[in-house]
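The form predicted alone is given below as one chain in structure tokens.
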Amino acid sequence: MITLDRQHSWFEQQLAAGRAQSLPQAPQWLQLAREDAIEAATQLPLHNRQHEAWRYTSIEGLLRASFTGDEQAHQQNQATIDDLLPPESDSHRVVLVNGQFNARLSTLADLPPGVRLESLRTALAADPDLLASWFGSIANHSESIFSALNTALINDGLFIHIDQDIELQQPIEVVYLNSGLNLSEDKQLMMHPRNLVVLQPGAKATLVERFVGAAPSRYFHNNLTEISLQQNAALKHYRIQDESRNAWHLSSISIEQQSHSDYRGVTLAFGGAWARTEYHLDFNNEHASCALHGLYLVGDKQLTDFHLTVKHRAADCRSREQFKGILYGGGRAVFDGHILVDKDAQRSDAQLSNHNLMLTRDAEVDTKPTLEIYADDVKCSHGTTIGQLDPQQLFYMRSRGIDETTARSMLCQGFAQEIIDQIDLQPLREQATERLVASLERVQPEIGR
């Protein structure tokens, strides 16, 4: 059973294990942020069913695990890295191996003027005052023990800064290669990459994030990203989480939008034993918009959790959140989506939906889309569905000579393809479709249990 003392003790253990790896010679403002995060973690409530944000997702298994931040544990052999690295793409690629920037695998040449794309360590050493303007101003480390841990143990990550009115033609691709293959079973690796993305007024870019893990390895990937979209800025943001099936994965993305900015995100979740993705989005000025689409495929011994908080604080903003899940075996999913419309956010337009396809009797989903509205001139809706494959559709396809296994896969793919098709990059869209089809083919023996 989790107690508050146990939670605090675990936090202290991770601090002790990770301090040797945290950024050396950090600027004073970062040192103060670390101290604030450590202090905040001692004041946070217990993350259990009494805590609304963690009502359906237990952290008990994570608190029982033992992690290390030892420098040698982060070193991986070249064969492991080559096996994990996705195919080359027409992009500016940044590779982080176990949370640390790898210059040899990254391709940062030929960046246009006005675009900064570099490791967080490099940016902090070269221009710490610039980062101080945004660091911690969007994400709040006092709300979650894991955000506090990330702030306290920052080691590396990514800094993206695009100047005013610059449109970056090639996408930025960030690949997180995670592996703990050289560790004993009683000690797992942990990494806490921190990303800061700033698009100045009128800037436009596409950001692709891939999370890839060596199949049998156990580790804890605790990622925190802050995104600032200034007036008229636009960001397309695609994320594919395909961690090891033995890993813990936690991503927290905080987005702040100014007037007439546009955020379009697609997030796909396939991997992890315990995986949680949080989106915290604030509309701080009028006429901003966001569209967030998500797909999760969850099977035996997997928990996948999506937690969304969208705050309409200004008038005339538009948000769309659509998530779909396919569950099989004993897989379990959580969807917790919350839209808040403040009293001054008149003429807000918000839609939130979550649809789930259950392929087996043992699969489980907890879904809770909610609206909290204090303005009187709004257009808002939310809804959720949980269902199985339509027997009539299966019968129709089988009557046309399609075998049952193929028919089931085709129906599942049709259900999911609406989300994948939101990806504008054709090679990435095709890779995501191939990953989905391969997964559906593997799970066929478990369907109908």
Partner chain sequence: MNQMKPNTMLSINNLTVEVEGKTILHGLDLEIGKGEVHAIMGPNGSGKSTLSHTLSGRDGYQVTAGEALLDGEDLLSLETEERAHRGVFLAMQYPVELPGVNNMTFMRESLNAVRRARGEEELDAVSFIKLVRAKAAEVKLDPKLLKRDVNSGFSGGEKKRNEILQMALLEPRLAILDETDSGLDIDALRIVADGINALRSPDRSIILITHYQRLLDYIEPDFVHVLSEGRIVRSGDKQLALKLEEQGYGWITEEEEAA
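As the structure is a computational prediction, the values presented were derived from the model and not from experiment. Numbering follows the first chain given and starts at 1.
Unshown form predicted in complex with its partner chain; subsequent notes refer to it.
Interface membership of Q43, defined by any non-hydrogen atom within 4.5 Å of its partner chain in the predicted bound form, is ruled out. A residue is said to contact a partner when one of its heavy atoms sits within 4.5 Å of a partner heavy atom; E35 fails this definition for its partner chain in the predicted bound form, lying far away. The shortest heavy atom separation between L62 and its partner chain in the predicted bound form exceeds 4.5 Å.
Within 4.5 Å of any heavy atom of its partner chain in the predicted bound form lies no heavy atom of W29. Picking from 405-413, 53-61, 35-43, 377-385 the stretch near its partner chain in the predicted bound form, with a 4.5 Å limit on heavy atoms, gives 405-413. Contact annotation for 382-405: residues with any non-hydrogen atom within 4.5 angstroms of its partner chain in the predicted bound form are Q392, Q393, F395, Y396, M397, R398, S399, R400, G401, I402, D403, E404, listed in sequence order.
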